[in-house]
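Have a look below at one chain only, the form predicted on its own, in structure tokens format.
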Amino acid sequence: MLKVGVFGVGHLGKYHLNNWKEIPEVSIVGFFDPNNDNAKEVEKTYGLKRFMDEEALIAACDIIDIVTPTQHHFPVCEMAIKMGKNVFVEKPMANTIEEGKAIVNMVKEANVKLQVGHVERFNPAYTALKNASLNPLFIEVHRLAQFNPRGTEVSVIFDLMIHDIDIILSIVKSDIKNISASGVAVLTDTPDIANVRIEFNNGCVANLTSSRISMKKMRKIRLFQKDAYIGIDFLEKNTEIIKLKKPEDTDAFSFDIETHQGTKTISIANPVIEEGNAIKAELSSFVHAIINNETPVVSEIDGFLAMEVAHQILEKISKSTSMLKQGPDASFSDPMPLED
């Protein structure tokens, strides 16, 4: 049985504790959290040992689960990896590109497993497409949330949009050609709403909009590809596929339409959405990757690529904001292509 230690038992950390308890291959050794209120509540509710020494908790475990604020991800990752422990770390993997690169190198050198908490990869609405052929030419994303002070120590890019960046990078098998972005800080010191356009070398274009000051919640991705449209609603957990019908499509509603090329049959299918807990699924997946010596579903490489794109987006927003502050006479140059 693998022993787990949790760093950070705030709002999300408690969700992790609840789900670790339901995974039969692990046992929770204890937790570390400098917040006395959080610690007392967890000690009372879960009956877990509070460790006051970070190294002592890491030494007692096989898996370290890092659910701390982002600025603390790297030091805990570094300590755990150097002690030869497997690490699950919430997104974003680290606070800076340099920290992310260091984590990638340390994981390779230590030969341990690391998974990043991009939980939408385990959303039933997304996993329902595991057998579908996804080759989008255009992607439209909306992720909107009502304002919540929790998590605002980072921009909306790292708070919300990074989920969709990771999903898009996992779907589009191509390098990025160019990024353009704009964003506005409304209630915090960092962008609270942002719109981003990502162009890929294979011709695919992704438009992403994220806001944490919306009146309603929305978490949708729409994929447009040759002969098909796929809609994924992460919030309502449903998925829709509309495409030109093929002879093997027998389980979908269909109807005929007249086009200049003649009659075409359109099929509408809603893949079966399995009941599931995405947080439990991602933690269980990591445990099985360790036991079976497999690459985690969201590896340190995946986590680094997502945060790298997120940082590039923030740089674009910062540049455009700076130009706007200079006034109407400021000249805007064409977006610079990303380095290979």
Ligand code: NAD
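Start at 1 and count along the sequence shown; that's the residue number. None of the values given here were measured: they were computed from a predicted structure.
The discussion below concerns the form predicted in complex with the ligand, not included here.
Of the candidate stretches 267-275, 32-40, 294-302, 308-316, only 32-40 contains residues with a heavy atom within 4.5 Å of the ligand in the model of the complex. The contact with the ligand in the model of the complex, taken as any heavy atom within 4.5 Å, belongs to 72 out of 237, 142, 243, 72. The single contact residue among 90, 192, 164, 99, judged by any heavy atom lying within 4.5 Å of the ligand in the model of the complex, is 90. In the model of the complex, the ligand lies within 4.5 Å of some heavy atom of residue 8. When contacts are judged by a 4.5 Å heavy atom cut-off, residue 82 does not count as touching the ligand in the model of the complex. In the model of the complex, the ligand lies within 4.5 Å of some heavy atom of residue 12. Contact between residue 150 and the ligand in the model of the complex is found at the 4.5 Å heavy atom cutoff. Interface residues of 102-133, taken as those with a heavy atom within 4.5 Å of the ligand in the model of the complex (partner not displayed): 117, 119, in sequence order.
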